[in-house]
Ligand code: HEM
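Presented below, as structure tokens, is a lone chain in the form predicted alone.
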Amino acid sequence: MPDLYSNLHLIIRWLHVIAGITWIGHLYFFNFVNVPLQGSLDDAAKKAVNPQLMPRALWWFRWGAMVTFLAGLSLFVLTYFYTPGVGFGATSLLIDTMGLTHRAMWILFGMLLGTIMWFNVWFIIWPTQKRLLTGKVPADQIPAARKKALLTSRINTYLSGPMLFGMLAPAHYGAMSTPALLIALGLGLLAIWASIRSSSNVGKLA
């Protein structure tokens, strides 16, 4: 690939994928591993473990989300709004004679869910966890703060299944339709639900 566009496109796609693995990997760690673990620890154990574990994990979690988000936006522009040798403007991958393409519908579906997840990380989960870790939450508000962070993290976990389908479908699936969208939502949500259910039993079987 001797041309600048192709090399830049590949590098940004690689960055998007590796940052996404970091982000979603930590999301799954928190929900499938850490939540059951925290439930088994007493307050003394939490005070010993969490100051060492959570700041590191949350750093990779939030910055993985940010890099994924920014690289994804850049990749979207390069793919759907730029033609090498022509310049910026809607490409045929975005709009054809029939209007918005099915490929674009799928990627926009995935981007919508991904953007919601990114927002939840940076403006709900991280600020709440930061206040908890630094002791800025009054004692009587700690249970509510923990519940808020957990609920938002759970929402992100459930959204991740359909989101990933939307990200993969443009290149590997094709036509967008109501049945296809419902299947994507159903499979994604079912996979996450089954994983969360299983995570509570893994420790018992280990």
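Note that this is a predicted model, so its numbers are computed, not measured. We number the residues from 1 along the sequence you see.
The same protein also exists as the form predicted in complex with the named molecule; that form is not shown, yet it is the one meant from here on.
With the partner removed from view, the residue among I11, I183, I21, L189 that has a non-hydrogen atom within 4.5 Å of the named molecule in the predicted complex turns out to be I21. Of the candidates L132, L94, M111, I124, M111 is the one whose heavy atoms come within 4.5 Å of the named molecule in the predicted complex; the others do not.
Although the partner is absent from the chain shown here, none of M54, K147 and N156 has a heavy atom within 4.5 Å of the named molecule in the predicted complex. Segments offered: 132 to 140, 114 to 122, 94 to 102, 81 to 89. Contacting the named molecule in the predicted complex at heavy atom distances within 4.5 Å is 114 to 122.
Not displayed here, the named molecule is approached by P170 to within 4.5 Å at the level of heavy atoms in the predicted complex. In the predicted complex, at least one heavy atom of F69 sits within 4.5 Å of a heavy atom of the named molecule. None of the heavy atoms of V35 is located within 4.5 Å of the named molecule in the predicted complex.
In the predicted complex, at least one heavy atom of L164 sits within 4.5 Å of the named molecule.
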